[in-house]
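To begin, one chain is listed below as structure tokens, in the form predicted on its own.
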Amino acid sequence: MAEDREILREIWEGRLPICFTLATEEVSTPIAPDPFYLMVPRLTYFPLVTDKVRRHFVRCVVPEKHDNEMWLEFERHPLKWHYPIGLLYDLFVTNSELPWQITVHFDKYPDNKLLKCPSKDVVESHLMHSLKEADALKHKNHIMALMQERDHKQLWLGLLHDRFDQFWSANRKLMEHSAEDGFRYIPFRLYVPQLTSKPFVQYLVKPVENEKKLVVEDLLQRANLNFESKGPFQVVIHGIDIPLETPLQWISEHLSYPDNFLHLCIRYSPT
């Protein structure tokens, strides 16, 4: 079980300042609305924190678009709502510019690139599905199956309302393991858009093999990708450059997102 509570709290309290601007072509009022600034948790999802953004801009689009689903874009990349906000930033922002400049749309929803998200219930379903997938890797799904409905609700409500203690009182059960072997497998996703057309790469990696603790470098070696071909790189999660010698079990316990996955981005220096 993760014991470094201060690290867990520091990760939980990570924030990103964002400047939301309505797409110019969708402004229907004589004067364009002011940008909307928001400080958002890195660990959450956009549909859980953008109600105010919608209310601010919807009055400035044509009435027939008022009920349309809002979607977000950064430098022509539609932002996937089912990716945590911190992951999207680490994936697309290479110069660490802040506040993050995001464009708001109410028209031409890109169905071919984004899942629909008509309500927060869809986000809850996505979170629970991801937690079950992660638990299947870690514990053959034994923990999620044994948890009661109120535990599942605590996980969801803790994330929804940004309550660290409420979330971790349930999530700590999902981080339990035997001291010698750790988890069965490490739940992770590796994002390398420079080297593969897949949205992410994942495969089975144990935290311990032949009594040796595996580290981030071991995980990368099993990807069968030539990371160095694009130059020097970093492995980034929560905006942190992770040393390659960091044990996988430790980062899985301490740096996983609320869905219990490590979302690792390979970042190259801007040319």
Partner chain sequence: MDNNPVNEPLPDTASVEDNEQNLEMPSHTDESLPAIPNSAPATPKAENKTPKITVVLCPVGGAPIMRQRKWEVDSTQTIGFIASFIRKKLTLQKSDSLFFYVNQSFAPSLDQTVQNLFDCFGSDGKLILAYCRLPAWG
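Residue numbers count along the first chain shown, from 1. Since the model is a prediction, treat every value here as computed from it, not as a measurement.
The next section is about a form of this same protein that is not shown, the form predicted together with its partner chain.
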In the predicted bound form, does residue 39 come within 4.5 Å of its partner chain, counting heavy atoms only? no
With the partner left out of view, is residue 92 within 4.5 angstroms of its partner chain in the predicted bound form by any non-hydrogen atom? yes
Look up in the predicted bound form whether residue 100 has a non-hydrogen atom within 4.5 angstroms of its partner chain, and give yes or no. no
Just to confirm, residue 136 within 4.5 Å of its partner chain in the predicted bound form by heavy atoms? yes
Specify the contacting stretch among 155 to 163, 81 to 89, 100 to 108, 168 to 176, defined as having any heavy atom within 4.5 Å of its partner chain in the predicted bound form. 81 to 89
For the spot marked by 115, 197 and 200, is every residue within 4.5 Å of its partner chain in the predicted bound form through some heavy atom? yes
